[in-house]
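Before any questions on how it binds or moves, here is one chain, the form predicted alone, in C-alpha cells.
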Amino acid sequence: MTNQNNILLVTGADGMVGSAIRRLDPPNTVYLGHKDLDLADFEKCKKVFGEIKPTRVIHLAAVVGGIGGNTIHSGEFFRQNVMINVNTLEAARLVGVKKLLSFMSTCIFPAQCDYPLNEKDLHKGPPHPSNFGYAYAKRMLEVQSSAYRKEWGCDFIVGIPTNIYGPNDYFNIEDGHVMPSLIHKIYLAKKNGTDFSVWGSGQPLREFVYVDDIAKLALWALNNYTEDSPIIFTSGNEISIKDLVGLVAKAMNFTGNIVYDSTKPDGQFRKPSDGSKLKKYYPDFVFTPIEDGIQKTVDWFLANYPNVRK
C-alpha cells in the first residue's frame, strides 16, 4: 500500500527522465504519462491531483523537439507547454503539494548572453529564434514558480539540465534532439550501407548529461534544494558535434563515410553553462563519462529497435 501521507507524483513518466526515475524505484511513487492524464485539460488535471493527493511532484511533462521540431512547430510548442505547466502547478497548489520540481533546459537562455550561462541571466534577452516558442513557454515555469512562492509560499523549484540523453529517448530523425537523432541515423546508414549525413558543420559545442544522472539529481533536489532561483544540472564539459559523432560511430561500430550537410542549420554555436551552484550544494556528485553513457544508450537502442520511440 502507498503511504498516503508521502506520495511522489511524476508527470511525463513515460519519457526518458521518467523512465530513469522508475529504474531508481523511489518508494510511494505514482507515475503519470500522457495516456493517463492530459495535463492540458485543467479540470481533468485538478481531478486526478485531488484523487492522488501527492505531497511531492517531479514535473517532467512537456512537448519537445530538436531544431527541426522547434522551428516548424513554434506555435504548437508554445501553446501546449504553457497549458501543461500552468495547469500542473495550479493543481499542485490546490491540493497542497509541499515540494514541486519542474524542468526547463539550457535552450531557453538568451541567444546573446554572457558565458557560462548562469541562472540569474535567464530573462536577460530573447532566446534563439530557432526555438523561441518552446523557450518562452518553458521560461514561464520559472515565473509561475516564483510568483506562487511569493504569494502562497509554495516550495516550487526549477532544475535546468543541459542536453539529456540515454535509454528511452525520442529517436526521431527530424524532430528529435541531436544525440538520439545521430544514433538513429547512423544505425540506418550502417544497415543500408549509405553515407552518414550530419546536420550542419559539426563545429558547435554542447554539454550532455546521461539521463540516470538527471534522475538522481531530481530526487536529490526534492530533498535538498529550496532556493527561489533555478539550479543548472551540468557536468560543465563541452564536446563538439563532430567529436560526438565520432563517439556515436565508435559505439555503433560504424566504419562508413560521414558527411556534414552545411545546408542544414547548426543552431547556437555554443552555450556553456555554469555548474557552480550544483557543485556548491552537491560537490561529491559524479557524472557518467560521455563515452560510457553513449555506449549504454546505443546498446539499449540496438536491444530495443524497432520499438524505440521514433
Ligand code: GDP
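Position 1 is the first residue in the sequence shown; the rest follow in order. Between two forms, the rigid core is the largest collection of C-alphas that superpose within 1.5 Å. Bear in mind the structure is a predicted one, so any value in this text is a computation, not a measurement.
Just so it is clear, the following notes concern the form predicted in complex with the named molecule, a form of the same protein that is not shown.
- Screening 79-87, 182-190, 227-235, 139-147 for residues having heavy atoms within 4.5 Å of the named molecule in the model of the complex returns a single hit, 182-190.
- No member of the trio A91, K99 and G153 reaches the named molecule in the model of the complex with any non-hydrogen atom inside 4.5 Å.
- Between the named molecule and the residues I214, V198, L122, L222, the one pair within 4.5 Å by heavy atoms in the model of the complex involves V198.
- P265 is the sole member of G256, G33, P265, P272 with a non-hydrogen atom within 4.5 Å of the named molecule in the model of the complex.
- The shortest heavy atom separation between I241 and the named molecule in the model of the complex is within 4.5 Å.
- Under a 4.5 angstroms non-hydrogen atom cutoff, the named molecule in the model of the complex has V178 among its neighbouring residues.
- At the 4.5 Å threshold, heavy atoms of P116 stay clear of the named molecule in the model of the complex, well away from it.
- Taking non-hydrogen atoms only, P110 never approaches the named molecule to within 4.5 angstroms in the model of the complex.
- The Cα shift for G267 between this form and the one not shown, taken after rigid core superposition, is 2 angstroms or larger.
- After superposition on the rigid core, displacement of the C-alpha of E174 between this form and the one not shown amounts to 2 Å or more.
- Superposed on the core, the two forms barely differ at K216: its CA moves less than 2 Å between this form and the one not shown.
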